[in-house]
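The data below hold one chain only, encoded as structure tokens and taken in the form predicted alone.
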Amino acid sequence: MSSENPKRAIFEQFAAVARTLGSAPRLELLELLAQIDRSVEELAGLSGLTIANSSQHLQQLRRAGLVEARRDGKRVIYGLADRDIIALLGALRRITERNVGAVETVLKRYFRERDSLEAVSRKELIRRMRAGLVTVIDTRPAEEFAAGHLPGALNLPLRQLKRRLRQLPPEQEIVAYCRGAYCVLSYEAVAELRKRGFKAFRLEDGYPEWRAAGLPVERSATA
């Protein structure tokens, strides 16, 4: 690190972190860790990477100061090193959506085909929750829900949705959320609910962004 140009030296460190983020698998691992701390094996299973590949990516993230690791018996558990990482990923998403045409193409072909209606903003959801106008459903797996969820949310993982429809009030709006803006779980849940006559919408992003905004969350021992 050069002492002659301290600003350049700091920018070099910024660039090192940016290079670490320049990997789609690493961004996906960060999204998974934004839900709950996980082992290498769990992350590999959820991301579709091999354990060896997941471990290599996690070591890169750890060296950049983006994740932390701790031992739990024989397992190594990883978690985000800083909650501001969620805000960083959100800023990256918004800038890329606005300025990179290829992202707009993917959004049109995949996500907007599944839901062309405007998503509900966090501010609007808070208003509806306070007025008792909405049922909120969390479509993530039970262990992620237990670690933290929106107040009063009902955990309805996508694979359980069809057999638990009776738990949903047919006369009330439903807002579904999951891991983030591109998490397909909420898209699929909303599509299924609309097919069955429910008035259903998505939250604009997901649980990590809600928590990073400093909004209230709840935790439970079981889902």
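Quick note: we count residues from 1 along the sequence shown, nothing fancier. None of the values given here were measured: they were computed from a predicted structure.
Another form, the form predicted in complex with the DNA, is not on view; read the next lines as being about it.
**Q** Lys74, Arg130, Lys123, Arg98: which sits within 4.5 Å of the DNA in the predicted complex by any heavy atom?
**A** If I apply the 4.5 Å criterion carefully, the residue I get is Lys74.
**Q** Can you work out which of Gln56, Gln172, Gln167, Gln160 has a heavy atom no more than 4.5 Å from the DNA in the predicted complex?
**A** It is Gln56 that has a heavy atom within 4.5 Å of the partner.
**Q** Any idea which of 192-200, 150-158, 36-44, 173-181 reaches within 4.5 Å of the DNA in the predicted complex, heavy atoms considered?
**A** One stretch meets the cut-off, namely 36-44.
**Q** Using a 4.5 Å heavy atom cut-off, state whether Ile51 contacts the DNA in the predicted complex.
**A** Yes, Ile51 sits close enough to the DNA in the predicted complex that at least one of its heavy atoms falls within 4.5 Å.
**Q** Check whether Ser23 has any heavy atom within 4.5 Å of a heavy atom of the DNA in the predicted complex, and answer yes or no.
**A** Yes, Ser23 lies within 4.5 Å of the DNA in the predicted complex.
**Q** Would Phe145 count as a contact of the DNA in the predicted complex, using a 4.5 angstroms cut-off between non-hydrogen atoms?
**A** The answer is no: Phe145 has no heavy atom within 4.5 Å of the DNA.
**Q** Tell me whether Thr139, Tyr187 and Arg211, taken together, all sit within 4.5 Å of the DNA in the predicted complex, counting heavy atoms only.
**A** Answer is no for this spot.
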